[in-house]
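The structure tokens that follow cover one protein chain in two forms, given apart as structure 1 and structure 2.
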Structure 1
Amino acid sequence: MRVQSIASIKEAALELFAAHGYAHTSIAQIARKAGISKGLMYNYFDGKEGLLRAIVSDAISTGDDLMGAGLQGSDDPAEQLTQLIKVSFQMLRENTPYWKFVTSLAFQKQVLDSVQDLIGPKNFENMMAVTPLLASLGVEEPEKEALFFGAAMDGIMMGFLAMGEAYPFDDMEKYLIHKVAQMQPKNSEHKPIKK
């Protein structure tokens, strides 16, 4: 019951934050949408910011699982990058509404101010996970390439979330995988990444 209530609260809050903005959504509105009393809300969360941080933490945890899934199963850096692309695209396909709501939070200043301490280090950590893969493939300036790779992934995800089926999502997945294949050193003497 508790787990279901918490899930309902988070789902209601995320939808309202996306539709009306974090600043313009009240605890009372969230409780009403979740079908619980306002008082019960405070049994689970200490307030709206605590609820927001829980939602963002869930998204970060999902991202961590995604990174783990992408980096497992192979010591080949190109295969790891390819798998990371595949699981990212699959995650978005399987739960598009959720990621649309989560992404909308990133454009709300008050939200960013409240969770920057969670998001900033995670973005840096993700970049640092991709950088050695690119370095082992012989990519020049792997840190910059990691930032570029992340920006390309973000841009494609945003395009799909904004345009839906009109966006060439599957083609872009294939294109990114093709770009990774082109990173393979001609002599194929890259060093495997140790787990």
Structure 2
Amino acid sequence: MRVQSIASIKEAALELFAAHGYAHTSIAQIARKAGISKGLMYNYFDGKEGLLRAIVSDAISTGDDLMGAGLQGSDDPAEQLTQLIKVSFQMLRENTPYWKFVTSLAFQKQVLDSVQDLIGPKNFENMMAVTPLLASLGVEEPEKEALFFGAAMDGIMMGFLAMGEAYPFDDMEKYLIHKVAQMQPKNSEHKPIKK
């Protein structure tokens, strides 16, 4: 029962935050949508901000799991990169308003610092994961290329989130995968590095 309530609160809040933004979603709206009283929310979360934190935390876990799963599907770096791209694009496609919301938090001073603490390190972690893959593909400056690659991913997401269906999202996914394929070292005699 407890678990049920918490879940429905989070769910309702997430949808409303994604639809109208954090600031423009009231506790009353969340409670109404979740089918509970306003007060109950405060039994489980540390205010509106705590609720946001919980949601973002969940989101990051989900993202990490998906990314992790993408990496484990293969030992080939090119394949892994491709998987990473596919998983990311799929995530965005399936839950567009939600990721739009999470991304927007990175820019909002008005939103609690603690949330930014959760989001901030993600960029860095992503780069750390991609760098060795690029290195084993023979890229000259793998760290910078990882940053560049990550930036492109973010930018595509940004374009998609900002422009919506008008953005050639699927084409960009293919283009990225195509670029990865081009990175394939000619002399692929030495086995891909197993990580």
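Rigid core (definition): largest C-alpha set, two forms, superposition within 1.5 Å. Structure 1's sequence is the ruler for residue numbers, which start at 1. Keep in mind that what you see is a predicted model, and the values were worked out from it rather than measured.
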Just one question: which structure is the form predicted in complex with the DNA?
-> 2
Residue 112 C-alpha shift between the two structures of 2 Å or more, rigid core reference | yes
Could you tell me whether the Cα atom of residue 24 shifts by at least 2 Å between the two structures after core superposition?
-> yes
Taking the rigid core as reference, does residue 40 move its C-alpha 2 Å or further between the two structures?
-> yes
Quote the shift of the Cα of residue 121 between the two structures to one decimal place in Å, the two forms being superposed on the rigid core.
-> 3.4
